[in-house]
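What follows is one chain in structure tokens, specifically the form predicted alone.
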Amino acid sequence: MPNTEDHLLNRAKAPSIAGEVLDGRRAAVLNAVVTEYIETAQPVGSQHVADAPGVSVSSATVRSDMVALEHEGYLAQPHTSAGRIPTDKGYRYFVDHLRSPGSLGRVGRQQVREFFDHAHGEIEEMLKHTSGLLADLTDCTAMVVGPSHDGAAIRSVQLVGLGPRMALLVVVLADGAVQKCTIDLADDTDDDRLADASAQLAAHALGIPLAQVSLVVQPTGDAVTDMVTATSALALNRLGTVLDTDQLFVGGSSRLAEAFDAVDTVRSVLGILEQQLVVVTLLRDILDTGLSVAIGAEHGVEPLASCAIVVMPVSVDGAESGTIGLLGPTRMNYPLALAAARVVGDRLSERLGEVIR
């Protein structure tokens, strides 16, 4: 299969099995198999299921139910004498019939609380560390898409000297984002001229969205100052172009090696994660279908066919401000992943709201 962004983005949607209902006993048997397999990654036998909470029937009855569930596509038998493992259809039924999204527990909740109590500084840095937090909480690879900055007005702009012919342009936006770039200067420039150029930029750019800045440099009578201002104006325009691209932060990629035995699978999944446009579009497409979990072939990206993805939107005042995603094997701990995504997503929404307001 060609590993190109165009091919991956033009994928077909897999059909949904939502709406199918199992009788109470078979549903309990399926739930027990999925729960045990998520925990152990080993095929589950009938005797273990018979002892599981909510089943309360003989192992012979469980065996009969497991055979029926296999025929219906919810379970599979990897070896002749082995127990059963869930199929993607089985995982889908399990997720659709969760009584609750699970809980982080006291330690997890404390970890989230302490993280956001001390999360200060640049938004991009916070989002990067948020992906690491999610990975630590779930043992999954975490993906955080940051809010779009293209409509955020410039709050401050400043030039900082790094050398006689080099300066750092620092732009702070109204939503708390900080953009930086290094610029090379044609002539030796002192701090006074950098300050004059900063004042020129501020006079024309403050209160205007970065992508919309169109500076007309006013001559000051000093050729060096005018050169610095013109060069910085071009740099501002380049930063505005960069903001048109969604920022993706990935944490816990190394966990993929632990989740999959096949090296080729790990390599192909890592290859997808390196394609930012594919990942961002995939997360949005899953949300657009109304799902918070996409399992196996449901998301339609072949290299991720052995993966599940949990997605949660991040919003501020009802407006979309980003996305949280968790990627792991289809046997991921769905209750924990959903709980972590919800709790972290809510706290991240609160923090972004505080910064933007």
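Everything numeric in this text was worked out from a predicted model, so none of it was measured. So that there is no doubt, residue numbering starts at 1 and follows the sequence shown. Rigid core here is just the name for the largest C-alpha set that superposes within 1.5 Å across the two forms.
Not pictured, yet referred to below: the form predicted in complex with a further copy of the same chain.
Contact annotation: of the candidates Gly176, Gly83, Gly108, Gly240, the single residue with a non-hydrogen atom within 4.5 angstroms of a further copy of the same chain in the model of the complex is Gly176. For the residues Met166, Ala203, Ala76, Leu234, the 4.5 Å heavy atom test against a further copy of the same chain in the model of the complex is passed only by Met166.
Put simply, Arg113 is far from a further copy of the same chain in the model of the complex: not one heavy atom of it is within 4.5 Å. Interface residue remark: Asp226 is not counted as part of the site for a further copy of the same chain in the model of the complex, having no heavy atom within 4.5 Å.
Contact check for Lys128: a heavy atom falls within 4.5 Å of a further copy of the same chain in the model of the complex. Residue contact check for Thr281: none of its heavy atoms lie within 4.5 Å of a further copy of the same chain in the model of the complex. With the partner left out here, a further copy of the same chain still marks one of 272-280, 90-98, 68-76, 218-226 in the model of the complex; by a 4.5 Å heavy atom cut-off that stretch is 272-280.
The two forms, fitted on the rigid core, differ between the shown form and the other one by 2 Å or more at the CA of Val172. A movement of the C-alpha atom of Thr189 reaching 2 angstroms or beyond is seen between the shown form and the other one when the two forms are aligned on their rigid core.
Shown in the overlay between the shown form and the other one, fitted on the rigid core, is a CA shift at Gln158 of 2 Å or greater.
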